[in-house]
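Take a look at this one chain, the form predicted alone, written out in structure tokens.
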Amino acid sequence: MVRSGIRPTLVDEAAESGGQIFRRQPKEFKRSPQVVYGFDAKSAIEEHRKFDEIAEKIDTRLGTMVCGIENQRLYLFNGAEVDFLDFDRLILATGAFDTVIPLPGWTLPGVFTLGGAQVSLKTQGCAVGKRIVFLGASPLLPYTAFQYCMAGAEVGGILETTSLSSKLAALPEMLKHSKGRKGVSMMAKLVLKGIPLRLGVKPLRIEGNKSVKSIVFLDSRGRENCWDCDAVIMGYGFKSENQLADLAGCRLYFEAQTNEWRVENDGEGRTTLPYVYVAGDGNGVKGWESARIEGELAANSLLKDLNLVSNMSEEIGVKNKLKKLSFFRKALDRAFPYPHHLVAEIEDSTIVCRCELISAGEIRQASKVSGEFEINRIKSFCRVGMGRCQGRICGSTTAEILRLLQGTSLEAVGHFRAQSPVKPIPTQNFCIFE
């Protein structure tokens, strides 16, 4: 866009450019890119260089959150005050958020999501504990464990709910891609370092009084195990962050293959609104390489719609690369399937919505008594999803609980409707929404 003569405005919640995967460390930190970014160090360096070259030609608002959208106006919060920014075209690259499956003890201090653990390591060089156990079903699980190991942290073990058979079935397709081969190499290095890896586990509980002390699980043979640790990093994949697109009025649709709501678009970033475009993981979680390509396609579409000359070369080749990356993404999904059975087994006493302290039993009871299963109706009955995260953490689990209870589909259950502000801001700043 800059090369086409446009001076765009970039609004980013982070204090520095780089996005999530290539999040920059503070300027006073001197850790090498290899330590911070691992296998992707060269790509991180290149992406940072490209941005720095055009930084002076962009109006940049770092450390700034978009807390609302109305018509063609963004409402912004920079940590001190709320402002607004009018636009004639908008590209949403909102990323994704962690998917968790609650279990007893998951609200204890010392339990972190994968995304949160990465932010801690990349931006501050801090491990979240002295002895850390990784739990879940996500390709980012062993990747983050490897990053922590490279940074000198003690990794107590990796507990994956996925089975060996699912990984072996996806392996041939994964090995066709360089990232798949790097992933296999990374796993081998973790094993050679003596880090315990257990597949096909069933997590039972995280133990501790005021903080994490241990994690208890059943191994693939059904035997109960207890591993001592003072931190658990948990993740079951990611869901697209599409609340801003929903708030803007873009039409969403349900993607059955990944069980998530996505922003309807033409494959080149154009949404159902003529002035809003979408790119990256906010349009389906596919990884940073796909996100970069989708960003190029969205910018290219915007330029075409403004009757400006696009400088994107080999558009067909770029689309073909995106298609190949989608095959790799599908292989990852087969290798790390979401464990629906764990949601079915969540105990009634387990907290699902930690913001409002709503348990699985309260969600089930609200649905049984009311006869309703649409998620926003249940929200009005029991307050699930009404807290500061606006359902980002509890939404997928709540939807799955309702689906299983009422024998319906996730599409019929729906999704939490977006509301302004999409993230918390001080009450004295609410007047800007009047």
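Quantities reported herein were computed from a predicted structural model and do not represent experimental measurements. Heads up: residue numbers just count along the shown sequence, starting at 1.
Below, we refer to the form predicted in complex with a small molecule, which is not included among the displayed structures.
Looking at the small molecule in the predicted bound form, residues 93, 244 and 281 each place a heavy atom within 4.5 Å of it. Proximity to the small molecule in the predicted bound form, defined as a heavy atom within 4.5 Å, singles out one entry of 206, 291, 298, 276, which is 291. The listed set 389, 66, 44, 382 contains one residue whose heavy atoms approach the small molecule in the predicted bound form to within 4.5 Å, identified as 66. Though the partner is left out of this view, residue 13 does reach within 4.5 Å of the small molecule in the predicted bound form, counting heavy atoms only. Within this chain, residue 238 lines the site of the small molecule in the predicted bound form, having a heavy atom no more than 4.5 Å away.
Using a 4.5 angstroms threshold between heavy atoms, residue 143 counts as touching the small molecule in the predicted bound form. The small molecule in the predicted bound form is not approached by residue 419, whose heavy atoms all lie more than 4.5 angstroms from it. With the small molecule left out of view, the stretch that reaches within 4.5 Å of it through heavy atoms in the predicted bound form is, among 342-350, 255-263, 114-122, 155-163, 114-122.
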